[in-house]
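Coming up, as structure tokens: structure 1 and structure 2, two forms of one and the same protein chain.
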Structure 1
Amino acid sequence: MRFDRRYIFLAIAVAVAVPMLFPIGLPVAVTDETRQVYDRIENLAPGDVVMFSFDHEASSLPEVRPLAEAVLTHCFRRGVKVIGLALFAEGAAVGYDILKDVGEREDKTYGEDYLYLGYRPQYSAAILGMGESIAEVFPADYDQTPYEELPLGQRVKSYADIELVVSVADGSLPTYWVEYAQARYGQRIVAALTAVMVTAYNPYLEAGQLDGILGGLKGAAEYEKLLGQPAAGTRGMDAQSLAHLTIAILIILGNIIAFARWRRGKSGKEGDA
């Protein structure tokens, strides 16, 4: 039996689109990994500084934006100051937009409560350079205001003044944060990752080189639950659940068909004999 793969595409499209249009509201249980990140932010004192690095491309935006928004919202509600930057060129505009959106929603003042530095090329040099002096790596912010003229910029000189770095990433950038900022300057780091990258960073978490990992849309949904504010992550969970279920059914179906073919072939040969 030949199965037209367009039916598979249709099944996935239905599994993703229907829950988006008609939410089911599947319950989300919070995992220890997400609670670890939540507690790390919760234990920061008002006035502490967290650096958000938007280390991803626009293609992964639907997955990383809910993650970044959830953690940023938590930081602002705790009274934590935020410095944003991007080590991927595409992350520059994305990060600016997210930071401004959440900052304005939480009624925070640019320059005092948060600021955005924009993009710097050559991430290893940029990460190492900020350990010496942030103003040398970023002489001005994204809007071209000199870094040291901004109230937050006057306070934060290097990693010594930063409590935590959150790398919002879809690739290998958290590795560089660990290798250069954590190993050399002892900077504490949390990685907010696309789900597919989580396994790659578990060894760093186990070794204590990362303070926490927040993974994928599920991580965002769990964080939103802890915040008591369902948003994009929670909305995406129904679609992701049904898409995963569809793929699981397809795998089982594929094996049943293959097994039936194998049985038919075997009985055919026995009949011939």
Structure 2
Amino acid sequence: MRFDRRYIFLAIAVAVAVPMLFPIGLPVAVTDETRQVYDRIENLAPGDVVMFSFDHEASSLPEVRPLAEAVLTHCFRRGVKVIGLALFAEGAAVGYDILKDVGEREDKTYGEDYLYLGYRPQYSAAILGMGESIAEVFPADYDQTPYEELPLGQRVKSYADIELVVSVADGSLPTYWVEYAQARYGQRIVAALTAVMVTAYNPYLEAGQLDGILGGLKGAAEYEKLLGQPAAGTRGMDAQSLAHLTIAILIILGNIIAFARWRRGKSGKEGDA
């Protein structure tokens, strides 16, 4: 009798779906890297300004959105002002939705507590230009309101008025922030990255060119733990952990079944002899 492989697919589907609908809250150990980013935001004063750059493609959204939401939530709860933008075209609408959703959830006012500038191509020129004048690079916000007519736009002229840049990325954009904003203007940078990109940026962290690195769903879950607010990162890690456990159990069962069949076959041959 053969085991129907559809039961395997069903087991994996249940293992992923159940924690997403009903969070388990598996233990999450907070790493030093995540705590470093948390402490960096925690030490900001109310009224400080953080720039969020959504430097990612839509395909990485399931991993980077929980990261962005966790750090944005922390900023708003600290009374920190946020300016959002995108240096990848695919991140433009996504960044606007994330910033608007978190801002409304935290009861913040657009234009005063946060604003979104939209997308600009030629990211090297955009990063350099904002060191001189943000209004020159982004004359208007995402909704085409003149930048300098917005209360936050009147206050923030360049990197000199920004305490920290958070690059939410799935590729090489944090490198450009380091090379152009940090090296030339002394701007402090934090990178919120997909998990696969973390090791590529560890040398920047060790050299002090990055103030912190936050990586993958695990980083989001750790940050949510520090916030005391389990959300998408925690659910994602629950689902991932349970799926891995299910796969391990299936592998063990498969080997047990294969071994039992081998023993039966061997016994049968010995009996025939």
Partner chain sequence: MRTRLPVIICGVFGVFMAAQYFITAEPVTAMYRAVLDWMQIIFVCALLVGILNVILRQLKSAARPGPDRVYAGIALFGIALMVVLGFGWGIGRGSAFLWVFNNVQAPMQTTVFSLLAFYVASAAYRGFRARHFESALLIAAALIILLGRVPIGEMISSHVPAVVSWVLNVPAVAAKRAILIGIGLGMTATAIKVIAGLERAYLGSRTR
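We call the rigid core whatever largest set of C-alpha positions still superposes within 1.5 Å between the two forms. What you see is a predicted model; the values in this text were computed from it and never measured. Residue indices: 1-based, along structure 1.
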* Number assigned to the form predicted alone in this pair -> 2
* residue 257: how big is its Cα shift between the two structures, in Å, with the core superposed? -> 14.7
